[in-house]
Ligand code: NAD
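Single chain ahead, written as structure tokens, the form predicted on its own.
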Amino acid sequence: MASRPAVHLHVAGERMDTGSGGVHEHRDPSTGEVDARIPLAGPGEVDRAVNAADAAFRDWKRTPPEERRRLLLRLADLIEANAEEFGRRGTMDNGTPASVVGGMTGSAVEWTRYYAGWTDKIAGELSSSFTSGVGELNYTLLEPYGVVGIIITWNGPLISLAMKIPPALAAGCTVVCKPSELTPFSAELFMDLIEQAGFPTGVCSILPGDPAAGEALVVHPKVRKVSFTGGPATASKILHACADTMKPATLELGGKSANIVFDDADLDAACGLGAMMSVGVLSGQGCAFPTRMLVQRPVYEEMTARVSVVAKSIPVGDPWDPAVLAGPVVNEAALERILGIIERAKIDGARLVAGGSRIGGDLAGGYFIEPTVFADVDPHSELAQNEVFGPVLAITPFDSDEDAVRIANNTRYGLSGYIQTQSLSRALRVAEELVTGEVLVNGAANLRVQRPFGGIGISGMGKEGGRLGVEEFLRVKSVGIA
């Protein structure tokens, strides 16, 4: 435990070693051993942080845009300067391999700098002038909501913070953020850097807490909007809690994204992306990952064989080892849940072509699962319909373009879609027909800050990224002058 940094509740400039929510025993997912004890906020600490944020909002919303930009750029520089430490903490948080975490830090820097650039570009529009025939001057103002309650999940703690807090601050909102108690170390450093950057006291508070703290944050009358990343079940509870006051919410939820591989695709590229982005990176623990691979029948067996070979070659192990690409899943509950899904997929008749078991030997104490690939997966089966959030890929054949679209859209989710083809016309046509919030063609990268990200259906509502990402924290006021 001595090697783990201390975690505090950061409430309105105060660093607290204890909280009324008790203590969470953080376990290293590589070993299963307790490696830190994390103080948890309760409703009392949440109330203090929200009241401080509400008081700070009165000045923060009037802070000149160039000053908000300066502070956000300073924060981005500090994140970049602490890239190595964020890498260490990312591995401590949830076992993400050191070889993967570095890219997340770079993304966090880009998201923060991008939204720093939006501070002086927030403007309404003139809808009519005195000479336009209506005899009135009509225009709109874009105004910050006020205090925003932010709740993030555990699979990408740093990038989740960077996707939400910088645009909220750029818009002129203040923030109270509850990170997951499963991944407290990156959030601790992020808050330290906010203080080092010079943001005024109360503008941002970060305090780990359990579901009771999250509920207190959502229902607090001074929280004007909620931004949440997590699962549909928790999001449903948030929406019910917001309903009484019609409080708006941005929800970035799960996915069961289809990766459509047509027979004219570059199979080498499609195979590498399809395997690594489903059972390799983050051990499959990503909401937008292409966890269903739909392959056109003429190349189906070849792609299945290739993906199996790639999955079996992915180095899984100690996340501190620079040669390792896939680490453990986050905790024992996730391990048991994923193994249960694998066993039921076998019973349902899917053909196991790679993995399928917990890893033993030197890794037996941790939460390690082999990269697992199933072929001949029924599109209506549990494996094809439900998000696994683990290193499990489902492969299904299709015949025509229309068949591919039908299978891809046969889901309650609607987050991301992937297309692999060398035909531009086919890519454009299929992209329009997919019922998703985004479509990525031929290896386009996930989470580009300039491109709005967010789903439909039980994948959520609202956007993060791009102009729409900052507008999520702004409300429109119309003004008319006769």
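This one's a predicted model, so the numbers in the text were calculated from it and none came from an experiment. Just count from 1 along the sequence shown to find any residue number.
Although not depicted, the form predicted together with the ligand is the subject of the following passage.
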For this session: Determine which one of 308 to 316, 225 to 233, 185 to 193, 321 to 329 lies within 4.5 Å of the ligand in the predicted complex, judging by heavy atom distances; exactly one does.
Result: 225 to 233
For this session: May I ask you to choose, among R297, R412, K237, R351, the residue with a heavy atom within 4.5 Å of the ligand in the predicted complex?
Result: K237
Problem set entry | G280, G366, G254, G149 - the one with a heavy atom within 4.5 Å of the ligand in the predicted complex | G254
For this session: Please check if D401 has a heavy atom lying within 4.5 Å of any heavy atom of the ligand in the predicted complex.
Result: no
Exercise. With the partner left out of view, is I122 within 4.5 angstroms of the ligand in the predicted complex by any non-hydrogen atom?
Worked result: no
Exercise. Contact between F262 and the ligand in the predicted complex at 4.5 Å, heavy atoms?
Worked result: no
Exercise. Is T153 close enough to touch the ligand in the predicted complex, meaning at least one heavy atom pair within 4.5 Å?
Worked result: yes
Exercise. Is it true that L72, F199 and A249 each have at least one non-hydrogen atom within 4.5 Å of the ligand in the predicted complex?
Worked result: no
For this session: Residue by residue through 159 to 188, tell me which have a non-hydrogen atom within 4.5 angstroms of the ligand in the predicted complex.
Result: K178, P179, S180, E181
